[in-house]
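Shown next as structure tokens: one chain only, the form predicted alone.
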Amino acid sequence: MTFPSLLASAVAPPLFSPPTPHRRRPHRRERLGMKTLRLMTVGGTIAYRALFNWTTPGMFIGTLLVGPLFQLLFFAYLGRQLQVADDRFYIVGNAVLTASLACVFGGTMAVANERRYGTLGHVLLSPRSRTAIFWGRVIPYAGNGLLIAVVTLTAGALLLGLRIPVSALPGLLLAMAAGSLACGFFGLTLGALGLRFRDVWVVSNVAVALLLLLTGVNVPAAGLPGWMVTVGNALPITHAAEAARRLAAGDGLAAAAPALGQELLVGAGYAAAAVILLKIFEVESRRRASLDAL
């Protein structure tokens, strides 16, 4: 056999090559879903770093961790003095409520600070879904609120001697996550008002005070007037606090499931309301040429 024939036999492919595995190309809907998920997670994280900031870590710890803990201790000792309810009522309720501070103001910042820094027009000119953009911005704030709630509950239980069943911890985490997410969408709804009103922070401060009063975390619902109970049922935190108290008492996840479902339903309602208000006020702001006016 000559050298060229040997070279050709070495280079030529085999007659029967093994079949290559066929890779299924992702469907168009799958690609769109992956892009939307990436927009919500990555875009929300970048917006969180840009719009929610503090000067030093001590400022974050003092405002969002130490302050809520003192609020919990205040109401717990006040409840002991007045003998309104036991420590579990105040510790668990206020631990869930502490998520509202970061979530409500964070959701408001997601829209209001864009307008304040003059970048809201660039966001609204984006060809991507505004729903995905603003819903994604709620996720980091909800995670922040969940962290605050967990730290507050742990510290309050250790300081006041509250024993929580280990089996209730996953359910408690779920209840606090649901409350944080609902509060984030509630704050986003308030932030949408920033496209119409100049000082939306007044509305946010009033909303946080209403959560403190009407959600039943410090005053039992039986002691509130009927109209306050009705309003409180439409606010976040109310049902999450109820579910968390059932779990901390050892009732189990099945007993807390109806309250958890109601909290998720309230959060979904505010998520839809935020999208509708953002669309309405965006059109109105464009018509009046007041999109970036402060």
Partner chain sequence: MRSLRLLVVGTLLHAKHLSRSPFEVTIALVVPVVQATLAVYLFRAGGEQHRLLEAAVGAGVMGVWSSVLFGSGGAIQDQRWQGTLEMIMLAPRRPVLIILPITIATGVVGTYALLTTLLWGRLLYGIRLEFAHPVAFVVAAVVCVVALGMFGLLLAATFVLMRNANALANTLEYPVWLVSGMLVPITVLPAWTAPIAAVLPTTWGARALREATSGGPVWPSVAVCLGISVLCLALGAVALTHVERRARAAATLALA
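Positions refer to the first chain, counted from 1. These numbers were taken from a predicted model, which means no experiment stands behind them.
Here the subject shifts to the form predicted in complex with its partner chain, a form of this protein not shown in this document.
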(message) Whether Leu212 contacts its partner chain in the model of the complex should be assessed with a 4.5 Å heavy atom distance threshold; does it?
(response) yes
(message) Residue-level contact is defined here as any heavy atom of the residue lying within 4.5 Å of its partner chain in the model of the complex; does Met59 satisfy this criterion?
(response) yes
(message) I'd like to know if Gly223 sits close to its partner chain in the model of the complex, meaning any non-hydrogen atom pair within 4.5 angstroms.
(response) yes
(message) Residue-level question: is Leu158 within 4.5 Å of its partner chain in the model of the complex, judged on heavy atoms?
(response) no
(request) Please determine, with the chain shown alone, which of 164-172, 184-192, 134-142, 204-212 has non-hydrogen atoms within 4.5 Å of its partner chain in the model of the complex. (result) 204-212
(request) Please pick, from Met228, Met40, Leu253, Ala249, the one residue with any non-hydrogen atom lying within 4.5 angstroms of its partner chain in the model of the complex. (result) Met228
(request) For the heavy atom contacts within 4.5 Å of its partner chain in the model of the complex, list the residues of 74-89 involved, in sequence order. (result) Phe74, Phe75, Tyr77, Leu78, Gln81, Leu82, Val84
